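Taking the form predicted on its own, here's one chain by itself in structure tokens.
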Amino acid sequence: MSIVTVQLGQCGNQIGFEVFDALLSDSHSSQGLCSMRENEAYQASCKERFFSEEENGVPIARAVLVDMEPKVINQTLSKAAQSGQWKYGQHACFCQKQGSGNNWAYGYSVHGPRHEESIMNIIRKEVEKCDSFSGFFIIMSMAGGTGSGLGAFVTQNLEDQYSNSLKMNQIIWPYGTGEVIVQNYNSILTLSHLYRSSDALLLHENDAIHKICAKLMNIKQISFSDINQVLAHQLGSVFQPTYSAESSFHYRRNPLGDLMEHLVPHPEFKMLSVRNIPHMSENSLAYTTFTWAGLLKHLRQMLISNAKMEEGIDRHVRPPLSGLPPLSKMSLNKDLHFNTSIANLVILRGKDVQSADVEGFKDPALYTSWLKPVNAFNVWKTQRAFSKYEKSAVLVSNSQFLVKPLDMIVGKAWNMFASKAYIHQYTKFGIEEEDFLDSFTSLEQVVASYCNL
């Protein structure tokens, strides 16, 4: 089944390009470590999901590009065409001359209603090209104006017009140090609106990806392109084909539906994170070997201790009820907090994948009491390796991972709101103080629900 990707704003369009490039590069990779027949089935499954074939054989991304300034879209179209491997559709873009000025209200209340018909028409035409349509993958930031404000507006429209289709929003969480003075306002407005209209929010923190680039990839001068490539690698390792449960030789048809079914058992809990392992530079890879037992041991401890990458995992954090005596400093150090899960999905790709033992992820102590591990944990596998790694593992988790950052962003926004800072920039475009209060209430409820797991 096919997925239509909607790329919104500068961030969404730049990441979207890297995602499609990673998907196609991987599907044409000669390092797949599987038979030619299996590789062909893998390529066909990838193309059905994310590309439509053109007459001259160049795949066209199933994507709609939206931005209120032309520069990034033009660059994105040009880079895709220059690759020679794939391109975007000729009429799949919508851009204007004037941006949103990092103002959520302008993107949501001005650009949204003004351009609603044009944007939704382009999306409708893209959906109509799909023989079998699964849903939307919407890529956006939540700090600026277009990606966040217009992104929330478009997602709401998709919910209204395609209520039976799935919608997953991939959201970039801004740097804690701040990119935009009003990013906390933009973030709470985005998250609270998406919580009403999206089926799942797949969240990536810029700070965490930056650390992966610096510490694991050994990149000295980190650019947005480096960060986006790590993001694209993580997303590709989730969405590339895996075997369906019923058969070890057929790829699953509906990855978006399967993700939602496995990971979002209740509409109150829809925040998902991705962790993958290994991450390393080409130079380091040549001197490293991996075992499934080692990779999965690391990944499990990353889940338990809420670590974003395999370096610096806190080994002291243990599941409650695991039969081990609690550490005396547990109660003193609030950072040693066990990360309770609602649902987890482990995706394994590569050599000898059938021998991988995932029993450690079935421990009931990892999960909330109202879901049994048999319902809360799933594993997807394929012998086909991903990217440059002989063996790789991905964890997609619905857990307490974002409670602390979300609570922090709500707190910062509330402090600004209490002093009425910058509120006038939103009220002049129709976002009233009541809208802010609704957003605070909604997100405080989300934080409380995850805390009570």
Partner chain sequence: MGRRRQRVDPAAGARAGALPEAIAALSRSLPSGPSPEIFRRAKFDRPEATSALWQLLFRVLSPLPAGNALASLALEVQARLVKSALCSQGYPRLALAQLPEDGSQGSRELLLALSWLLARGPVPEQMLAQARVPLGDEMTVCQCEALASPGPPAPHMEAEGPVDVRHVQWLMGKLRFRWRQLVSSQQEQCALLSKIHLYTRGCHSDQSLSHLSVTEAEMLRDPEGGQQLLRTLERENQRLEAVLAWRRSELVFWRWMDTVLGTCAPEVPAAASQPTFLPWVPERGGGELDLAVRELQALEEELQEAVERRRVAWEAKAGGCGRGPEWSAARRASREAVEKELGALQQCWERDGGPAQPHGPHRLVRREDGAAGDRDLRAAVVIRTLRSQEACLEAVLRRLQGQCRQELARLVGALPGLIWIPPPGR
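Numbering follows the first chain given and starts at 1. Note that the structure is a prediction, hence the values are computed from the model and not measured.
If you look for the form predicted in complex with its partner chain, you will not find it shown, but the lines that follow are about it.
Comparing 80 to 88, 216 to 224, 265 to 273, 203 to 211 against its partner chain in the model of the complex, the single stretch with non-hydrogen atoms within 4.5 angstroms of it is 265 to 273.
Listed residues Arg114, Lys71, Lys125, Arg253 were compared with its partner chain in the model of the complex; Arg253 is the one with a heavy atom within 4.5 Å.
Among the residues Met260, Leu296, Val238, Met280, the one placing a heavy atom within 4.5 Å of its partner chain in the model of the complex is Met260. Under a 4.5 angstroms non-hydrogen atom cutoff, its partner chain in the model of the complex lacks Tyr175 among its neighbouring residues.
Put simply, Glu310 is far from its partner chain in the model of the complex: not one heavy atom of it is within 4.5 Å.
Using a 4.5 angstroms threshold between heavy atoms, Arg349 stays clear of its partner chain in the model of the complex.
The shortest heavy atom separation between Asp131 and its partner chain in the model of the complex is within 4.5 Å. In the model of the complex, its partner chain lies within 4.5 angstroms of a heavy atom of only one residue of 1 to 19, namely Met1.
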